[in-house]
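This document starts with one chain, in the form predicted on its own, laid out as structure tokens.
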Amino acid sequence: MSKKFVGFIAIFMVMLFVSGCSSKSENTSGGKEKITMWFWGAPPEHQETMKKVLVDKYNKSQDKYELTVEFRNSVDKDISVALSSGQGPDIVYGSGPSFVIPLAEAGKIENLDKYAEQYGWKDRIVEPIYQSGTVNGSLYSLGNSLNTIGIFYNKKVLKDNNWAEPKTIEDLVKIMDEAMEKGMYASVTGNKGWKPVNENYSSLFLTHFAGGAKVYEALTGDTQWTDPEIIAALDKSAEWYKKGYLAGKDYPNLTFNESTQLLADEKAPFFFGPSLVYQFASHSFSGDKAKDLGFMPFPTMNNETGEPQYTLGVTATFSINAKSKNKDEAAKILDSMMTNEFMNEMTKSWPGYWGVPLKDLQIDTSNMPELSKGYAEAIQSMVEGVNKGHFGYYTGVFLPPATQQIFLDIESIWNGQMTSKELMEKAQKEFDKEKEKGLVPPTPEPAK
């Protein structure tokens, strides 16, 4: 009896979940058709920004539809479960292009080619980001925001210690060594409670020590992930970790919030991390301290161009549910999010997450707070660099899922549990299998 009862409860819970995931048109109390969107569980102040800039503005613009956004901590899992049942929201949140491929091939999300033509997305969106949202040549997702890995730094700490902003790897190492001699962290960062933080550092060392062109060769099959230059880059990451350059023994004990607080408290000169960290920094670099936070591109070894190189990524993607009854209106909403106006309005109150990937990004920082201004300027510089082809790759964006998971185990190299070559041999095996299945996202080619 107990087994039957448990089975009944399980079925009931599945039915209850699915019933709350319908993508069919719904009439609100005012007679408007509801358009739904699920999003990750952002903090209350950021939810309020999204409500004001996106939801309220759209709903006031017409009287036929009503947009609603649900903030869910388990959004990726919820999306996958709902779409597999033919349900889910009209606008589909995704954690990156590799998340989108199986949904597109299963017919769960809509082909966006006609909307791309209608709204001119291919001409407006940064080419590598547009390309990353395609599957078999057709568009299925739009990256909502550019994301790169660079150096957050405390301007006051550099000034007080007579350190100039580092221009080269050698400059950076010199400052970190001196900081440790003074009893400071060389840099602060950590993956406490969230192992995917590791992808920031596997991506950083691939981009700035192996180089975007070499990683491109591995992604396209022209070289192996066991290439000596890739192995050397991962060996360098282990060397830096063991020297204490990545927060030392506290790497597994720090969150991003704790790391930004240590940076604000002048316990370190640097924080190596993704540009989205700006959204965590608002609590620690508040008031007069906001002017102390700076951000710069990470230096690159053997950089023949002399121009900054950027690890290319997106914070998320948006698609349209193939079962949506209001695809045209959902596309209209997505288009409104691919504009300079949207980027400026969102970034003013929510720095770090809405660097809309527009080729011709126009930013007005005159009325922005310090952190929003710093973030906007960082993204502006990134767009200029990426348009020139000066980029490498975020592992969580341009690697297929199983291969990407291997790179999350970069700590196993740092802790001496396996060599870089052994880890990359595992990565190559998974990559070969996923490439055979067509799961490798489109790979834009960087400048040589």
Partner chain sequence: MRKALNYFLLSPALLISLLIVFIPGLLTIIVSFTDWNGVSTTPEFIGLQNFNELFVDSIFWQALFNNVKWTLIFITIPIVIGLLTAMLLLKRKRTKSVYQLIFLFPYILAPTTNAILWLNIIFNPVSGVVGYLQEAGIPIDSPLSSMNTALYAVAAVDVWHYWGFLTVVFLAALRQTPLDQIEAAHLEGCNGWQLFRYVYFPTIKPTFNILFIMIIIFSFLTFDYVYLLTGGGPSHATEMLSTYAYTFAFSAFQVGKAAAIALFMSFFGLLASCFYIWMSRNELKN
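Keep in mind that what you see is a predicted model, and the values were worked out from it rather than measured. Residue numbers count along the first chain shown, from 1.
Not on display, but discussed next: the form predicted in complex with the partner chain.
K.L.:
Can you tell me which of 313 to 321, 81 to 89, 115 to 123, 362 to 370 lies within 4.5 Å of the partner chain in the model of the complex, counting heavy atoms only?
P.N.:
Careful reading of the contacts points to 81 to 89.
K.L.:
Can we say 225, 445 and 447 each have a non-hydrogen atom within 4.5 Å of the partner chain in the model of the complex?
P.N.:
Negative, none of the three is within 4.5 Å.
K.L.:
Quick check on this chain: which one of 49, 36, 405, 59 has a heavy atom within 4.5 Å of the partner chain in the model of the complex?
P.N.:
After the contact test, the surviving option is 405.
K.L.:
Heavy atom within 4.5 Å of the partner chain in the model of the complex: which of 325, 267, 167, 155 fits that? Just give me the one.
P.N.:
Selected residue: 267.
K.L.:
Is residue 253 close enough to touch the partner chain in the model of the complex, meaning at least one heavy atom pair within 4.5 Å?
P.N.:
Yes, contact at 4.5 Å.
K.L.:
Using heavy atoms and a 4.5 Å limit, would one call residue 102 a contact residue for the partner chain in the model of the complex?
P.N.:
Contact with the partner chain, yes.
K.L.:
Can you work out whether residue 412 and the partner chain are in contact in the model of the complex, taking contact to mean some heavy atom pair no more than 4.5 Å apart?
P.N.:
Residue 412: yes, in contact with the partner chain in the model of the complex.
K.L.:
Taking any heavy atom pair closer than or equal to 4.5 Å as contact, tell me whether residue 258 reaches the partner chain in the model of the complex.
P.N.:
Yes, contact at 4.5 Å.
K.L.:
For the heavy atom contacts within 4.5 Å of the partner chain in the model of the complex, list the residues of 293 to 328 involved, in sequence order.
P.N.:
Stretch hits: zero.
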